[in-house]
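Only one chain is shown below, in structure tokens, and it's the form predicted on its own.
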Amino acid sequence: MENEIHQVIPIQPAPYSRSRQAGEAQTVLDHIVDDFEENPAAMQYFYDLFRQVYCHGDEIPHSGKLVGTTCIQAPEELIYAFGATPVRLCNGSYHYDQRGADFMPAKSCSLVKATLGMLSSDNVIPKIGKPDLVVNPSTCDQKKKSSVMIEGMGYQVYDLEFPNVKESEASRVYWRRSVREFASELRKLTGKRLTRANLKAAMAMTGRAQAAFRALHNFRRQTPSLILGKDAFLVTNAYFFDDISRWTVAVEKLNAELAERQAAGFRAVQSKAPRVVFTGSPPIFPNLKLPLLIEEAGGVVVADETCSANRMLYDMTAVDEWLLNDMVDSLADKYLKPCTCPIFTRNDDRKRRLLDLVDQFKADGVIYQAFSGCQVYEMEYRSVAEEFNKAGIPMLYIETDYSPDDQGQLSTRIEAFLESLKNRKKRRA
């Protein structure tokens, strides 16, 4: 016995499916799929996609160089034109939010903390591989300051300079120059030239995706609703990382099914369900906390004004002259002129857009989400609330973060708000 050799058995790392990230995603996805009735059959593609990527940790293949973006203001058509693949790095995981809190200020925006927490992790989910370049548009101040931190994590970062105003011709010229310089940076990264043909092909590819989104957007106008908001947000969140052509085909199939639902008189919710426009800080999987609470309580999110859905895909490029420089300038205008992000000094367009959405989608009220520490949305709340008060539109303002701890309190507030919308409709009737 004294000469017996003791064999040391190495500890095997736990599979990703048993990690906190996977558990968080699994819980939310199961809720989305199992706790709501009459899910569209075409949504199975998106349910399976999120299960493979977020719950199983499957790798996402891509072609060419991988370009990570931290904001929708990075022109993806240029990235595609150079043969690269864009992927949105904004993250909704509470696990990564907590990881980012280790080196970010306590009152930072959850979205920024989660994004940096993801990039600093050894196991980045979605599993995209290390980006060859991270494009960081200088929109909100927290994202601006995160550039140096991302560089410190070993990433190559390009700061895409964005103007603080959009009404002046000077800002338009400034932004066009920024976009052209971004094209030069992509040329250095990929070693390829930008041509009229490859940019036109890229614009056609994104244009088809935008057309599919617009069709989905229009189906959401129907009363009663044909599809729940939780599914619409999942569809647009998939655009962050999915292959664009595959995503477009899947959305077109969903639209075909919604057309059949419409013809058959199908209702996804009760006819008296309060219709809500969602705005503010973007819902990003797995943090779909508020949209899910709204629809658990009997409401339905019929439209949104956020950078994780409507603002991301609604506006299309209008080209007057199909010459290369004119195409690039038209692309730049598409990312500036229609933008309703609250980072601009003045933002009358956003208030008009919200009022239009309430009118066009026959919404009964608005829910405004602001992540704690997201100063631009917190500061703009007052001016938006004044505009809604003038128009007689009820609005509920909710300041929250990625933590699940406040769900009980938020559920009570949302239920009370939706009940007030129902009573308001009864009085009007």
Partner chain sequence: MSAKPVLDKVRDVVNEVDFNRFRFWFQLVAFVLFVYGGYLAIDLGSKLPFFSCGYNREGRAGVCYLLPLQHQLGRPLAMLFSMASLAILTGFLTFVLWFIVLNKGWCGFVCPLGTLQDWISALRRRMGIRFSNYTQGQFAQLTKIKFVLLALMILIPLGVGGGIFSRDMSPPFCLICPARMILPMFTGDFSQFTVDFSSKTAIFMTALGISITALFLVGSFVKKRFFCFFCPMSALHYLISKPALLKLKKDGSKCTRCGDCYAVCDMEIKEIADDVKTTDIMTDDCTLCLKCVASCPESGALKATFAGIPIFVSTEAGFIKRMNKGCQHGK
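A quick note: this is a predicted structure, and the numbers were derived from the prediction, not measured. Positions refer to the first chain, counted from 1.
We do not show the form predicted in complex with the partner chain, though everything after this point is about it.
Asker: Checking a candidate spot here: are R208, E252 and K337 all in contact with the partner chain in the predicted bound form (at least one heavy atom each within 4.5 Å)?
Answerer: Checked in the predicted bound form: all three residues contact the partner chain.
Asker: Going by heavy atom distances of 4.5 angstroms or less, which of E185, D356, E260, D141 would be at the interface with the partner chain in the predicted bound form?
Answerer: Of E185, D356, E260, D141, the residue with a heavy atom within 4.5 Å of the partner chain in the predicted bound form is D356.
Asker: Would you mind picking the one in A101, V319, I244, M149 that has a heavy atom within 4.5 Å of the partner chain in the predicted bound form?
Answerer: After the contact test, the surviving option is V319.
Asker: Please determine, with the chain shown alone, which of 271-279, 344-352, 152-160, 87-95 has non-hydrogen atoms within 4.5 Å of the partner chain in the predicted bound form.
Answerer: Checking each option against the 4.5 Å cut-off leaves 344-352.
Asker: Does the partner chain come within 4.5 Å of any heavy atom of T195 in the predicted bound form?
Answerer: Looking in the predicted bound form, residue contacts with the partner chain do not include T195, since no heavy atom lies within 4.5 Å.
Asker: Does the partner chain come within 4.5 Å of any heavy atom of R220 in the predicted bound form?
Answerer: R220: no contact with the partner chain in the predicted bound form.
Asker: So in the predicted bound form, is the partner chain close enough to Y174 to count as touching (4.5 Å, heavy atoms)?
Answerer: Because no heavy atom of Y174 falls inside 4.5 Å of the partner chain in the predicted bound form, the answer is no.
Asker: May I ask you to state whether D326 is within 4.5 Å of the partner chain in the predicted bound form, using heavy atom distances?
Answerer: D326: yes, in contact with the partner chain in the predicted bound form.
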